[in-house]
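A single chain comes next, written as structure tokens; it is the form predicted alone.
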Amino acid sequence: MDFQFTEEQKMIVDSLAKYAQNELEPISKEYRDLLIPKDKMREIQQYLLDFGVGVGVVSEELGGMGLDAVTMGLLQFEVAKVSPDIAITSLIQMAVGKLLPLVPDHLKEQYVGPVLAGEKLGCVGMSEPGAGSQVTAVNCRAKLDGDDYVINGEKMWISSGDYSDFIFLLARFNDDPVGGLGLILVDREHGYETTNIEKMGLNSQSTAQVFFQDVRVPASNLMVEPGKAMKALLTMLTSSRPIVGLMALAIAEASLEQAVQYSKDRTQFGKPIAGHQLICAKLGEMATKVQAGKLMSFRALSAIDNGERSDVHSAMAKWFGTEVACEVVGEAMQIHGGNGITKEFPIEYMYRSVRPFMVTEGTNEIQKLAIGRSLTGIDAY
């Protein structure tokens, strides 16, 4: 395996890192625990387009940049390091970009161009109050009525839900547990409603409930017919899970840098606490865990770029990366002592921000079951 990044990758990452530090970090501090308004978030995403963040993944055939998976991981890492909230919105735009080829031809002009220009923000609606890890429990219904589908139901934990101008909706078209699930494009103008969910962290971006009450959508908006939607969505998730791991590790790396600096500035028993073996050893373990997690994620993304099967590598990268990230941020807080739990230092924000990544894009428990199934051939769900 080649662990070297190309000169082009290094150049774009370096320029993005400087932009993120100079432009995104002040925004992150200003809106700490406050929702970034939709117009402001759209403007941010538009500026990030120059670096390929988000919809840079869209193929050149559709007018995008066609960036590879490893490059997308590098970009998301740099954004998440200064603002995990902005990075989550970018991640959803990337997911939307991956599904754009499935948009019906007669709708492509209406959506592809505006998405690539950052004029429209989308989201993907999978989870429901009663359907998280068990996707086959999806109960949001799409019933054919003449030339329209009438949609009723609710979606939960939808990132960018309140920002969205449209949603790629996973809905139930018949009672077949898997064969009844299809994917349909629902525009905001069709009438769905959203409300944001308050969380322990990551409140600067939208995580929403989405409500459908007799929402009429043209039948021609069907993207993926019932029975084939899960394959399309699982392909998308396989490519995004290693990036979720990287985003959590970006928070961990930022917390490590804070801990290193604090350990050099803080003195106890006559010397910087970095000079005490316990602190020094902690820092060594933290740095090693971050690097190990990053390597696993890039291994999975490299497999995707090489056209190899990557679902197991992606599952490993997601659960390992997010778990060690939580451990590292926790240790960084411990090194800060009492100061670590105050709002004067950024560690407490990082601590609250990193934890949700363990349950996003499929809980870590589900990732472990998928890995186990690949070893035994036995389904333990």
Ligand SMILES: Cc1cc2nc3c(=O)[nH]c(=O)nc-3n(C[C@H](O)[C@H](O)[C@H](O)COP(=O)(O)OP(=O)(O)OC[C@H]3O[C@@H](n4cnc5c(N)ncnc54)[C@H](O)[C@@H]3O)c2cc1C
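All figures in this text were calculated on a predicted structure; none of them were measured in a lab. Residue indices: 1-based, along the sequence shown.
Keep in mind the form predicted in complex with the ligand is missing from the figure; the text below concerns it.
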Counting any non-hydrogen atom inside 4.5 Å, which residue from Asn196, Ser127, Thr235, Asn152 sits next to the ligand in the model of the complex? Ser127
Contact residue in the model of the complex, from Gly66, Gly330, Pro356, Pro346 (heavy atom within 4.5 Å of the ligand): Pro356
Can any non-hydrogen atom of Ile92 be found within 4.5 angstroms of the ligand in the model of the complex? yes
Within 4.5 Å, heavy atoms only: does Val260 come near the ligand in the model of the complex? no
So in the model of the complex, is the ligand close enough to Glu365 to count as touching (4.5 Å, heavy atoms)? yes
Is Phe3 part of the interface with the ligand in the model of the complex - any heavy atom within 4.5 Å? no
Counting only heavy atoms and a 4.5 Å cutoff, which of 264-272, 152-160, 292-300, 73-81 contacts the ligand in the model of the complex? 152-160
